[in-house]
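Below you will find one chain, with nothing else, as structure tokens; this is the form predicted alone, and questions on how it binds or moves follow later.
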Amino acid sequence: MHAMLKRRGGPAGLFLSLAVWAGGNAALAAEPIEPLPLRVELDAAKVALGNKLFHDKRLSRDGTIACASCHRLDSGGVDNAPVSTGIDGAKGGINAPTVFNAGYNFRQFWDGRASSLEEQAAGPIHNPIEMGSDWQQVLAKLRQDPALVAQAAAAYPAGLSDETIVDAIATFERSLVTPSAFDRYLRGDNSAIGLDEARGYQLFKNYGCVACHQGVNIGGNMFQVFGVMGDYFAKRGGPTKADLGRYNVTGLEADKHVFKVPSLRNVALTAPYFHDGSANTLEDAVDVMFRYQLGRSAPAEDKSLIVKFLRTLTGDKQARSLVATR
């Protein structure tokens, strides 16, 4: 799990990549990153109900917090704060990850404690400093809304229940797929990204960033130690419980400082970065990754090109679900 790829290919590898960029994408079948699907087959009625519930503050104890409060669909699926604010102004202990493309993560939350989006959706409702509620309170409030009760009954034979609420929210979240210019490039459109961006992608591969950031979500499919090549937490100081990562779930010493690798999709929109929100800019985040994950330096030009590549991962249609009704 902790193995990192070494830079390979050198100038020849870069030349080959640029030749592919200029002359056709025949080599893309072997690419470590896969394009997002163009359509997502989901039940439109469930998506619509989930959309409404995702934005419904009645899920919180005091009616002030909705899922969308921390996962803003107009802001990359995050709240752009180091940590989120819950009921009664309480501050959370960890940075809110993006909800966009979350259906392609192999587990949910930074520590991977939820195995599905359904399990994740129920978590904040019961968290005392997020929504601070429970199903009895939530259902009592929502069942006073005849229009919502009717909408739920139309989408689910069982009507409105805790199970259908989390299923609808999870279904809506699965609809939040954000294809980007880079996906068009992967599908063969050489004009979708520029020469600098193509060079940045090759450097992203050559330096070994794809050891952890690959697949359809460019991350989100493995756990990794934060600080493979150096003690990030000793340098940063101020340790917190959240810094223990997966250890908080398993209690295993080997899981200290282990986190789910985040997706890099829409990363240009989701600052601040990392579980602690410690990197304010994409450039800062790349610097940290080179130092603590790759254990090496790189010319400023190379890092700049990688950042240019990362900006191609911003979705074309933010905050719009991509659904084909079934």
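Since this is a predicted model, take the numbers as computed values, not measurements. A residue's number is simply how far along the shown sequence it sits, counting from 1.
Another form, the form predicted together with a small molecule, is not on view; read the next lines as being about it.
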Next item on the list: Can you check 136-144, 204-212, 149-157, 185-193 and let me know which stretch has heavy atoms within 4.5 Å of the small molecule in the model of the complex?
Entry: 204-212
Next item on the list: Consider the chain as shown here, without its partner, and state which of V40, L36, A45, L282 has a heavy atom within 4.5 Å of the small molecule in the model of the complex.
Entry: L282
Next item on the list: Find the only residue in L117, V249, L244, V216 having a heavy atom within 4.5 Å of the small molecule in the model of the complex.
Entry: L117
Margin query: Is it the case that N105, even though its partner is missing from this view, gets within 4.5 Å of the small molecule in the model of the complex, heavy atoms only?
Written below: yes
Notebook entry, point to check: Contact between T178 and the small molecule in the model of the complex at 4.5 Å, heavy atoms?
Noted result: no
Check: Could you tell me if E197 has a non-hydrogen atom within 4.5 Å of the small molecule in the model of the complex?
Finding: no
Item checked: Touches the small molecule in the model of the complex: T164 (any heavy atom, 4.5 Å) -> no
